[in-house]
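A lone chain, given as structure tokens: the form predicted alone.
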């Protein structure tokens, strides 16, 4: 779906983004204010496309103030032809639209036990949006990556301080050259048919489908092609798998592709529902491929394994290649009491959600079976 010019969404005079201050949506719950991290309740998710006011915000540092007139994108490193682009030059390159899910690598971290480092996300740091922009490959091909190029580093304009790091940092993250050249990896300037807001990366951000959100760098100002593994702070410290017993020194496995996962979006936690037949709804996704099946279980709190019965659900709609799959399932809750709904997904490669994710020091890529307690009692729904 590549097309040039205004038909691809180049902002006209009346819709050119300003990069001015924005008011945070009242549908987001704030976890931290400086830097801003906010997420919606799960009951607000589940639409095929997540409305922008309900899309989570994950900032590592305060959002930078940028303007279109002075913004430039520098392309350098292991390339034959280093160059730079203004915003006007960038948006004149043939464009592409991609529906893609972003999930913060720390999503669901609040449920990890023992507690880990990082923002205490519940489950709402995930959303699916329509992104429009220039394929990253188009820009890289113009620069001509040299033989031996291995990664592309996105550098954002946001700067700040991290605990235990003595110098000020600029947010930067790398992806493989193969992922960078994929036609759906974008330099996006529009989200859900509107110019990017400040908190979502105005004026230009990376969109890296099927990888965790740390790779979709906001406020991008530089692309650097390198012939080795990037050793920046965020690539080697926060966004790596550190398991119990690992040595402090030495390389760690980086966080990249999204693990298979599913969530219940209705009923919500602690919801009181009347006895009878109940339709449970939710979403599922995997960076490794399409969702093959989603299964639902209901039982008392802390059931024995012999009490766990998994029921099939229906996959609904026509899920986009990089978005989530919606599902729904019917359960009979005829007796009043306290119950726990559980959901698990399996993708086409056979990857399935575990009952418990393997613990890691940063609490990243948590994809254990989602569990939602509910109350069944006589009377109208709460």
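As the structure is a computational prediction, the values presented were derived from the model and not from experiment. Positions refer to the first chain, counted from 1.
We do not show the form predicted together with a small molecule, though everything after this point is about it.
Answer for residue 205 alone: is it within 4.5 Å of the small molecule in the predicted complex, judged on heavy atom distances?
Yes, contact at 4.5 Å.
Consider residue 230 of the chain shown here, and say whether it contacts the small molecule in the predicted complex, taking contact as heavy atoms within 4.5 Å.
Result no; residue 230 lies far from the small molecule in the predicted complex.
Taking the small molecule as it sits in the predicted complex, is residue 59 in contact with it (heavy atom to heavy atom, 4.5 Å or less)?
Although the small molecule is absent here, residue 59 would touch it in the predicted complex, with heavy atoms inside 4.5 Å.
Verify the contact flag for residue 190: yes if a non-hydrogen atom of it lies within 4.5 Å of a non-hydrogen atom of the small molecule in the predicted complex, no if not.
Residue-level check for residue 190: no, no contact with the small molecule.
Taking 4.5 Å between heavy atoms as the contact cutoff, choose which of 156, 267, 287, 135 touches the small molecule in the predicted complex.
Only one option qualifies, and that one is 156.
Between 216, 262, 174, 258, only one gets a heavy atom within 4.5 angstroms of the small molecule in the predicted complex; which residue is that?
Contact check passes for 216.
So if I measure heavy atom distances to the small molecule in the predicted complex, which of the stretches 348-356, 48-56, 312-320, 329-337 falls within 4.5 Å?
Looking at the partner contacts, the answer comes out as 48-56.
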